[in-house]
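Next up is one chain by itself, shown in C-alpha cells, the form predicted alone.
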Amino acid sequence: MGGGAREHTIVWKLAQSPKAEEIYVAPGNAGTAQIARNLSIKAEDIGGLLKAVQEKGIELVVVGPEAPLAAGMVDRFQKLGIPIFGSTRAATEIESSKVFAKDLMQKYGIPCARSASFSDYAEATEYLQQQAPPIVVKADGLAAGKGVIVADSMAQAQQALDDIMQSRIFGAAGDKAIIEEHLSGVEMSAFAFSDGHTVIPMVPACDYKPAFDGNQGPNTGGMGSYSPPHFYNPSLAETVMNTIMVPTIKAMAQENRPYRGVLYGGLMLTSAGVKVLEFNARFGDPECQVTLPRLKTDLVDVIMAIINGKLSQLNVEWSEDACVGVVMASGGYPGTYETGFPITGLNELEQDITVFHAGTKVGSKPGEVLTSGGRVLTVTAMGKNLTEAREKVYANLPRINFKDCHYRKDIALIKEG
C-alpha cells in the first residue's frame, strides 16, 4: 500500500519473486499499473483495504508509508491473522513520536544529539533563550517530513517554536516540541531488517534533501540518492550495527514494543562519532530506489522470515554494484506546482535504466502517463562503481521530459577513493 516511488520499487522487487502470483497496489501510480493491479483505495483507508484483502484472498500485505503504520494498520490485520509486513503502532512510535525516540535513546545510551522536549510553550521558550544558534527545533509527531527546522539565528528558532506550538502549522504533531543541539558532519542513511530479535543490516545510502545543486534552496522529500556511500567501510558498518541498530532493536524489545520490519536510522558522522538524527519505521524514499535494486535475496523470503520470526535462518545477500537515483520533479516543487502534464521519452531509455514512478497517473490515451505530484520520477541505474552508475543516469535523463521538469545535476558527484 502506498503510491510513491518507494512503493513502486517494492512492487518491482516483489514482482521478481516466483512466489508472487498476483500483486495489487493501493492506490499505486502509472508505474505500478504496468506490473500490478492498482486499487483506488487510499493507503490510510484501513477499513477499505481490509475489505479488499478479504474479498481478493490476498495472502501477504506490505505497508509502504508511515501514516498507516502510525494509525495501527499492522495491529488490526495481525488480530485477524492476515500476514502483514510493517511495525505495530507501538513500535512505529520510534518515528511517529520524536519525544519517544529521544527518551528511548537517552535511556539506553544510543548516541544522539543533546536535547530537551516540552509540552509547555513558555518552558520551551525559556529553555530556547539559554541556547546558542545554530539550533534544531522539531515537532514531536508526523509532519510529512517538514517538522524539523534548522535555525541559524535565535529569531528563526523562536519563529519555528511559535509555528509548531502556537500557530500549530503541523496540527497535533506540535503538541510537544524538541529543542536540540545542531550536529555537523557527514549525513547518511542506515537500514536494517529485524524480526524483533535478529538484526540484519541492509546496504546504506546517502540522499539529497535541498531542491537545487550545491545543496541550495528549500528542503524537499529527497531529490536523489546513491548507495553505497563512498566513505562507508567495514569498520563504520560494525560501529553502526553495534552502537545503534542492534541496541535500538534490543531497547524496543525491553520496552515491550518488539520491532519487526525495516528500521531506518538517519545518522550524522560527527567528530565525536556516529550519532542518530532520527529514526524512521520503514524503507526510505528516495533511498529505497537505490538499495532494493542491490538486494539479491528474494524480498518475499525476507518479508516472510521477518513476519514468522525466522530471520536468523535466512542469508540475505547484496550486490557489490553501486546504484544511483535522480528525482525528476515538477516545476515549483517543493512549493506550488501544476500537474496533469504528459511525460514523454519513457520508452526511449537504455536497457539498464530503471524508472520508478512517484507522482504519476495513467492518462486517457493509450500508453499515456501524466504528472500528478511534486516528485514525479526517480531515474536509476546500477554500475560497477558510483561513477559508472551516475554517468548512465545522467546520459538518459534528458530523454525524459514533461513541462517545467527540474532535477539536480550533482547527485552522487563525489570523488571516490
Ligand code: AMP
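Predicted model only: the values in this text are computed from it and were never measured. Residue numbers run from 1 along the displayed sequence.
This protein has a second form, the form predicted together with this ligand, left out of what is shown; the following refers to that one.
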Assert contact residue (this ligand, in the model of the complex, non-hydrogen atom within 4.5 Å, options Ile306, Leu183, Ala329, Ala101) equals Leu183
Within 4.5 Å, heavy atoms only, which of Met73, Ile200, Met268, Leu161 is in contact with this ligand in the model of the complex? Met268
From the candidate stretches 174-182, 124-132, 227-235, 314-322, select the single one in contact with this ligand in the model of the complex, where contact means a heavy atom within 4.5 Å. 174-182
May I ask you to check whether Ile169 falls inside a 4.5 Å heavy atom distance of this ligand in the model of the complex? no
Consider Ala157 of the chain shown here, and say whether it contacts this ligand in the model of the complex, taking contact as heavy atoms within 4.5 Å. no
Please check if Met245 has a heavy atom lying within 4.5 Å of any heavy atom of this ligand in the model of the complex. no
Using the partner position in the model of the complex, report whether Leu346 sits within 4.5 Å of this ligand, counting heavy atoms only. no
What residues, if any, in 201-221 have a non-hydrogen atom within 4.5 angstroms of this ligand in the model of the complex? Lys209
